[in-house]
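Presented as structure tokens, the chain that follows is alone, the form predicted on its own.
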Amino acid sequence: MELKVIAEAAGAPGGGCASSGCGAGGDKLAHLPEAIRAKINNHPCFSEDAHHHYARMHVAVAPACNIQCHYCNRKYDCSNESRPGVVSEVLTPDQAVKKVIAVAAAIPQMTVLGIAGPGDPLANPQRTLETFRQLSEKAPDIKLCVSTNGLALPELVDEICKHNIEHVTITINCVDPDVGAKIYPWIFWNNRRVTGRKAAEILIAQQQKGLEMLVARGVLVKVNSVLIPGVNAEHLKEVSRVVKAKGAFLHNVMPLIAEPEHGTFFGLMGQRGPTNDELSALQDACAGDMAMMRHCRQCRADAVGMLGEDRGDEFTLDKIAEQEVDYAAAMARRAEVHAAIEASRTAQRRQSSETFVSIASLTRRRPARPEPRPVLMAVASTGGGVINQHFGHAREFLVYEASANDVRFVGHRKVDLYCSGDETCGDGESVLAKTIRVLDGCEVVLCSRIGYEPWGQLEAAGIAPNGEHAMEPIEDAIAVVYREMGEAGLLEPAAGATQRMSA
């Protein structure tokens, strides 16, 4: 038996998430035509590997919305929340284009421009399409994407294709109107407000029609779904089956964000979000029918930078007002950066595709020995597909499952910053305790460095800290640690999560 480690991350410097198992990765796309693979190669939202290396940005040009969701409350001039529908400033198309040009010149790895709000882009067709029209002319090297609830989608498919938008995301939370009535109190349809089950029927029909039309035109469609425990959790398996059958490329099941302070109906009514285990289990259940995206960060409608980071404050209107960008020169520089990234990715793929970690020795001596149990491991990384972050500096941990068959990304868990210093961690006991609770179920945490105090508390909680694999590819390092656990006798099925190893 062998554990094949396919580490496609290039290890190039950069921010954002690093996890080659967190979406539609290269190994999962071998069956796709080369033309489709080329479309997603450097798209950080449609490709699991690309989001290690490439950035995205959203421009908030669409303030109006044509439906109401119980989980949504659009906020303007807000810099303290990071969730869909929140922005600091709403832009005109001209302002948006100026901002995109400035960001593309300053962040050459930015490959994708999306319009996702703060309302629904297709409920603001003039503003949205004018932005796309200008960008297709002035920045032809940037991929254009739009996200929509789908209500107005069928009538605008021709316009979408006219502007060379090859990636569309539709939020589809249900295919059953009875479920939809619990999520959407109303829609605005044909100049009137429609409520209840009838509203859900209309929305679902429009979403499915729009999905079919886009697929027929060769547009890649990603479906987003919000997991709402007790409302649509089990039903999302059917959603996944239906949208796959109609040609959707990727399914992104996201957790409900519902806190009272957000002012949403679900938040005020105490509707809880899913636990990490519930989200992972539902994603796994849907994965049987559909390629799953697991690296989503539920970005703001004005996010800028790599996934997992937001550099929007660097590009506010007042800061870019006087900038004059030579975009022809910027495109040349961007092409150089992209070529370097691709060369690095190719070299890493070549190296990693030949990397095998054998676990046959764990079973050879005792033929009747059961297959080693899977283990969850948490990783601190700032990007590039490598372990390169201090434990105390992590705002999120990437969670992988290592097993006898592979190493796969299963999700990310956000935490508060434990250490704000460069070298040492100060008083952070309560934050550390919360971090340990967030890491519940993980047996190992890999990071580039870690202090003495968190080391001890992690061990006391049954989590083995490991700082021995700094700057190594994540999947390779996890495979090595898993093999070492097996050699130490820690992978017996009956051992459970209480077994620990010393890193």
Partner chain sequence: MAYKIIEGCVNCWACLPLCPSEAIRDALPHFTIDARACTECEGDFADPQCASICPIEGVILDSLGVPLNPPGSLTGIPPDRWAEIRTQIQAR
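Residue numbers count along the first chain shown, from 1. Just so it is clear, the structure is predicted and the values come from calculations on it, not from any experiment.
The following text describes the form predicted in complex with its partner chain, which does not appear among the structures shown.
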* With heavy atoms only and a cut-off of 4.5 Å, decide whether Val438 touches its partner chain in the model of the complex. => no
* Asked: Should Pro454 be classed as touching its partner chain in the model of the complex when contacts are defined as heavy atoms within 4.5 Å?
  -> no
* To do: Could you confirm whether Leu268 comes within 4.5 Å of its partner chain in the model of the complex, counting heavy atoms only?
  => yes
* Examine Arg333 and determine whether its closest non-hydrogen atom to its partner chain in the model of the complex is within 4.5 angstroms. => no
* Asked: Between the options Lys209, Lys198, Arg193, Arg395, which residue brings a heavy atom to within 4.5 Å of its partner chain in the model of the complex?
  -> Arg193
* Asked: Among Asn276, Thr171, Thr264, Asn388, which has any heavy atom within 4.5 Å of its partner chain in the model of the complex?
  -> Thr264
* To do: Within 4.5 Å of its partner chain in the model of the complex, counting heavy atoms only, one of 442 to 450, 60 to 68, 455 to 463, 470 to 478 shows up; tell me which.
  => 60 to 68
* Using the arrangement in the model of the complex, list in sequence order the residues of 117 to 149 with any heavy atom within 4.5 angstroms of its partner chain. => Arg127
